[in-house]
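There is one chain below, alone, in structure tokens, taken in the form predicted on its own.
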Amino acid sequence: MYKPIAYEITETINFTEEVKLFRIKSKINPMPGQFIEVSIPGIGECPLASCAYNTDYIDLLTRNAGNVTSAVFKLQKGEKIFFRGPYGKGFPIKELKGKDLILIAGGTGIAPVASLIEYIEKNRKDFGRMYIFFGFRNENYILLKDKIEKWKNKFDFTLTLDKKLVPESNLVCETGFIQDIIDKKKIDFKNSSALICGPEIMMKCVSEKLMSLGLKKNRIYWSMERRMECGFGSCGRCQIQDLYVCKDGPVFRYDIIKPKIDNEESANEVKT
């Protein structure tokens, strides 16, 4: 589907000054890890992943970080928003069945992981143990608090903050970077797969930590949104070597995407 269609916004939720959730009435239900292209006529498009797995609505966790998202931020309940899709290859559900899962996300990168969690909730018998790590800058940046409270009661859930602003508060969390907290769980990696979304530097650090603990590269998956624009591999902006993030991803196995990123970075260093 290449033509944007108008959908009604049924609810908006402000999380921070920079992040807002838009609930949109739609029967389209992207698979966890897929994305849609949200558009504002006359301004442009941007890729966003739903943080819900639901046949009645799509939840767009949106950071005000550019021309399109700035325009989206001005929309109110009852107004129309345009999008097309879904696009891309999401999380490898078939390969994950029967596995213990380590789900790791930071900031608005929790969106595709949240939709995967909701998928797993609906198909719980298909998966093994669940370890979830969500990281945020501090208490003021925690997103999807209601869902987090629910998931804490259902899964092995760890909330991490880079820094706790109020040390004496009753908030149950770990302080520090996710990669420094993971090994506290003493996870058995023999039948585990890890799925990660967030800033690339965070994903790299976490992946290196997981491998040092015994998880193989081909059991680690990255969800990326690097420079995606058209959504189907035509414009080439998201190309990393011979791969397109929008078409071949945005979910990649780490052993496949890492050498592509390394080669790209090496080539850029030579140019400079």
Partner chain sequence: MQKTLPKKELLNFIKILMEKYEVIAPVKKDKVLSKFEIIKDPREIYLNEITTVPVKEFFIPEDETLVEFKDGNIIENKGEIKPRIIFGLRKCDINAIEVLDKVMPCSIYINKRKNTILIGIFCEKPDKYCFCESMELNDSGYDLFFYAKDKDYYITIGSKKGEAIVKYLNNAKKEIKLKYKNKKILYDKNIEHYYKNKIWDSDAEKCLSCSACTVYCPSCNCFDIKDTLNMNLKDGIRTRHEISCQLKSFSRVAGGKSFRDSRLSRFKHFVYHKIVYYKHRKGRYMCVGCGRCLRACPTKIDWVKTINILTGFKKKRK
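Here the structure is a predicted model, which means the values were calculated and not measured. Numbering follows the first chain given and starts at 1.
Below, we turn to the form predicted together with the partner chain, even though it does not appear here.
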Handout entry: Asn29 within 4.5 Å of the partner chain in the model of the complex, heavy atoms
Key = no
Exercise for the section: State yes or no: in the model of the complex, is some non-hydrogen atom of Asn54 no more than 4.5 angstroms from a non-hydrogen atom of the partner chain? Expected result: no
Handout entry: Distance check, Thr10 to the partner chain in the model of the complex, heavy atom within 4.5 Å
Key = no
Exercise for the section: Decide whether Ala65 counts as a contact residue for the partner chain in the model of the complex under a heavy atom distance cut-off of 4.5 Å. Expected result: yes
Practice task
Report whether all of Phe127, Gly214 and Arg219 sit within 4.5 Å of the partner chain in the model of the complex, measuring from non-hydrogen atoms.
Solution key: no
Completion exercise
Exactly one of Glu149, Glu200, Glu79, Asp188 comes within 4.5 Å of the partner chain in the model of the complex through a heavy atom, and that residue is Glu200
Practice task
Quick one: name the residues from 234-255 with any non-hydrogen atom within 4.5 angstroms of the partner chain in the model of the complex.
Solution key: Ser234, Cys235, Gly236, Arg237, Gln239, Gln241, Asp242, Leu243, Tyr244, Lys247, Asp248
